Every structure is written in structure tokens, then in C-alpha cells.
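The form predicted alone is given below as one chain in C-alpha cells.
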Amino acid sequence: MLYQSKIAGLGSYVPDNVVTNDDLAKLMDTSDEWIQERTGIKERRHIKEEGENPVAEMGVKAAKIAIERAGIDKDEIDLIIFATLSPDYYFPGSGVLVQDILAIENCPALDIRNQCSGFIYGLSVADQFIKTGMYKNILLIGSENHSGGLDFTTRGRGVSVLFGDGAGAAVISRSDYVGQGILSTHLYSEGKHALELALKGPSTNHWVPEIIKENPQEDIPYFPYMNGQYVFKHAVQRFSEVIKEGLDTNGLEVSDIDLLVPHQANLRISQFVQRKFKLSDDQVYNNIQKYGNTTAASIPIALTEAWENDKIKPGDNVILAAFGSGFTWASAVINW
């Protein structure tokens, strides 16, 4: 017997520390006009005082909201799925840290490393576990600490102006209503492009700046690298393909889309896709202007905000789509 899965609760958290484009202009050769023209971003949030394990702790703050909204107790969580590219440690993963903070006994934790596509990959994994009857309630978190490992000099401005910190969470639960909930997910990758958007050096732990201080002239791969135009070109193509596949699989037309929530990579990418599908502003939800690119956290933060602002109602067809490092890309079709 196959069960239906649904998103039963959503939550998000972003640090209080707002970093504007003008703030970044004090650190590097850039400007508010330069950043907005290329990315659409006006400001982002950066961790300032978020605790010892900020990625897990931000995830917990988002998760507590999602669990409460799902109307369940934390001890009813059967599995934790944690998506991030910036874990608190190389190992263990941040999923077990969440389990410990929430004091959930013996709950399995699974960490997903699919960067910008991580939340949808995690959603697909959760959907399969629910459908097969193995689990009933799954906590899915996307959380990122980008600011700990960015190059805030003119050398790194092409990447550093893009990213922000934050977390989003969803509780995926068994549903009794066939035809509602998560209808389908679609996952892809193309590893030959892996190094076009990559971090070859260590994670975002605080000792990275110390290495840089010791080797100020060395061209070291401890900061993210992105071939911007190359990524943009592939992103708009893959976004379009995977959205269309989701619609076709479920017998839907573009006109049936009530809300598209794309990964918040770059406002120009979202606008390109919107124009291609001829979607109205009411059919697409973007909040990159306020938060920047929060990678695995971007879709759950945007989805939570859209739901809180009554942009999503029961029966709506909601499309999620993402593209990122790997290259990986994915989509999900949900009847709310």
C-alpha cells in the first residue's frame, strides 16, 4: 500500500543581523546599484551571535515552529533529514546535533549534501519514506552559515554579495487524502560541471581566516568559486526543463500553477523563468531581495513566508524548483 505525503507544518529563522549592500561596499569595491542590477539583492542576514553550532541551532529554531504548526509533539518525529553545504563540523553531520538539541530519543538522522537543490532532494527522500509506510512524520531542515566562509574583499565580490544565512524547516506527514500533498518530485545531476560552482577548500569553520592570514599572497581554494555566466546559462535551461516535467507528469498546464517558489539563487534567473512561462507576479514568490541566496534554506524560507502571507491556500498547485552546485537540479509538484 502506498500512502500520500503532505507538508504538515512550516517554519523559518533568519539572524537579526541585517547586512545591506552599502555595508558590503565598505569592505569591497562594489555598490548597491552594482549588486541590485546583477542579482536583485538589497540585503541579507549574517550570523553574529547564533551559538556554538549555528547551523544546527538555526535549524532547530525553524523546526520548532514547523513542529508546532504541524500539531504534533517532537517525539512523534520518526526521521530527521538535514540539508546543508555548511555543516557545523566535517563530522558528525548537523542532523544528529538537531536530534540532541530537540532531545528526541534514538531518532535516525540523515544529512543531504545537494547544496541549492538540497531541500527538494530531501523532500523527495521524505516523500518516499512516507509513501512506503516506513515513517509517519519526518522533519526536513535546510540551514546555512555562508558568512563564516566568504571572501569579503574585492577579489571575492562576485560570490560574496550573493549569500546569506538562515534556516527553513518542514514537517512531512502521512495524509489521508489521495491526490493532495506531494504529487511528484524530479531529481537530476550532471557531475561534469561540478567545479564550475565549488568550494575545494575546507568548510566554513572559523579557522579558515587564520589560514588566509598566514598565506596572504597564496591563491588558495578556501573560498567558493563560481563561473557566474556559465551557471546562469545552465540554470535557466534546467529550471525550465524540470518545471515542465513536473507539470507534464501531473497533467497540468502553466495556467494551473497557483504559485512557483524557485530557489532564490539570483532574481534575474527567477525573472527569466517567469517570462519564459508567462507567469504573473502573483504566480511567483521571490524574497531574495531581503535574504540573498541561502542555498538549501532558500526554498523553505520562501515557502514559509509565502504561506504566512496567505499566498498559498488549500487546493493550490505549488511548484518548487532548484538548481545549484553539482550541477544538481530538481522540482516538486504539490497540491496544497
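Please read these numbers as outputs of a predicted model, since none were measured by experiment. For every residue, the number given is its place in the sequence shown, counted from 1.
The same protein also has a form predicted in complex with a small molecule, omitted here; what follows describes it.
Candidate stretches 38-46, 277-285, 300-308, 58-66 - the one whose heavy atoms come within 4.5 Å of the small molecule in the predicted bound form: Partner-contacting stretch among the options: 38-46.
What is the one choice in 99, 266, 86, 147 with a heavy atom within 4.5 Å of the small molecule in the predicted bound form? None of the others qualify; the residue that does is 266.
Counting non-hydrogen atoms within 4.5 angstroms of the small molecule in the predicted bound form, say which of 223, 232, 152, 188 makes the cut. Spelling it out, the residue with a heavy atom inside the cut-off is 232.
Contact test in the predicted bound form: residue 93 vs the small molecule, heavy atoms, 4.5 Å: No, residue 93 is distant from the partner.
Would you classify residue 116 as touching the small molecule in the predicted bound form, given a 4.5 Å non-hydrogen atom cut-off? Flag for residue 116 set to yes.
Classify residue 324 as contacting or not contacting the small molecule in the predicted bound form by the rule of any non-hydrogen atom within 4.5 angstroms, answering yes or no. Judged by the heavy-atom cut-off of 4.5 Å, residue 324 is in contact with the small molecule in the predicted bound form.
If you check in the predicted bound form, is residue 293 within 4.5 Å of the small molecule, heavy atoms only? Answer yes; at least one heavy atom of residue 293 falls within 4.5 Å of the small molecule in the predicted bound form.
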